[in-house]
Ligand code: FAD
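Have a look below at one chain only, the form predicted on its own, in structure tokens format.
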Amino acid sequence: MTATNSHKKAKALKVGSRRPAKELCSECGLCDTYYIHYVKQACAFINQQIAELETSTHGRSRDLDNQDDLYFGVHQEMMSAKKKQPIEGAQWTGIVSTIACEMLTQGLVEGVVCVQNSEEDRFQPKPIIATTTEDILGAKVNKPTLSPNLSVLEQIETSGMKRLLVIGVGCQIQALREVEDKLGLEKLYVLGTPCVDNVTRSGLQKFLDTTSKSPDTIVAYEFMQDFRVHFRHEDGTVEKVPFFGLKTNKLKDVFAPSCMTCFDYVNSLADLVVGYMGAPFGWQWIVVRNDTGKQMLDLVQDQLNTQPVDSSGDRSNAVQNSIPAYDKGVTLPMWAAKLMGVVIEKVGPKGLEYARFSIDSHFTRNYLYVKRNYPEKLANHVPEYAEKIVSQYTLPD
């Protein structure tokens, strides 16, 4: 069957509630479109193919003997950055929103796939194709729930757009890269964010209710480099809860199974990645993966303060100690959790070493989850780079 006929067949498919990945579905939105025809090849949880897609996207796959490549994927450069004039109300200083706005206003793209929140719920994602800067700015602040970003793919073809920017997370971008050549675009730009531990909307509510003193007033939150969860409230106050004080015994099952089986924390297939975990507190971490990503960053370079990435401390003991603690659902008394947080913040891993700590902690946890719950998938689902990272640690049975 030719590619053209295959695509016609895809259009003819009836889209419904089918989820071929079943309980591992990350609700990326692909299966809400006629592109469901390609899901068995495209879905990150049915067919893990990061190495192959790295080569087709970036011209090579990661070098497993290079520590930065091993952990952070194919890249040309990394840096820490923040906007000289932050966008009011942005999650950080607004680098992602600024890049998207510049790409639109300068005519590089005709639309931007991004995620606003629904009118009824500030945490309920509503994917859109933004065609104005107002639409883009209406999507600022992360939505920490599973989001069907790719559900708008059909609109791309019907709109006639030929140049598009997509903002998304790893599982969405893997599926997007697989169907990229079927979208009829002249140029696709991908701006990624690192992603870990998303939840369903009900799971998010359980996390907020269990962790925060005022769950109903939270507008944003993030697991930060000071080993605390920062909850930002409507009145501008920031509530900080130590990682080690989280009620792990109540929250072990709150994260989506897809996130518990994911090994693409750093969004390996985006052109440009903007996050925070490899940067000092208050800065953002930028990873330029290819020439397209460099072009995107250059648009806003004069609006940013930048500095080289740094790394200090040793993550190894902290990671090894966290493995049985999470596995057994250990929760420290709050006084002990705060004390441990202060000590680790002073002497623990920082910069890229903190990023490695976070990756190691999640990869070891997720490896165990796959091994115990989906042993038949272990050999093919865990990427070689993740196996190498996990092999540094002693895991329980």
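Throughout, we count residues from 1 along the sequence that is shown. Just so it is clear, the structure is predicted and the values come from calculations on it, not from any experiment.
What comes next is about the form predicted together with this ligand, which does not appear here.
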Within 4.5 Å of this ligand in the model of the complex, heavy atom basis, the matching stretch of 204 to 212, 83 to 91, 67 to 75, 320 to 328 is 83 to 91
Between this ligand and Ala139, Gln172 and Asn198, in the model of the complex, does every residue show a non-hydrogen atom at 4.5 Å or closer? yes
In this chain shown alone, the residue from Asp226, Glu222, Glu239, Glu180 with a heavy atom within 4.5 Å of this ligand in the model of the complex is Glu222
The one residue among Cys101, Ala130, Ile156, Val274 placing a heavy atom within 4.5 Å of this ligand in the model of the complex is Val274
- Taking heavy atoms only, is Thr193 within 4.5 angstroms of this ligand in the model of the complex? yes
4.5 angstroms heavy atom contact with this ligand in the model of the complex for Tyr265: yes
Does the 4.5 Å heavy atom contact test between Thr261 and this ligand in the model of the complex come out positive?
no
- Message: Residue-level contact is defined here as any heavy atom of the residue lying within 4.5 Å of this ligand in the model of the complex; does Val109 satisfy this criterion?
- Response: no
Near this ligand in the model of the complex, with a heavy atom at 4.5 Å or closer, the residues from 147 to 168 are Ser147, Asn149, Ile167, Gly168
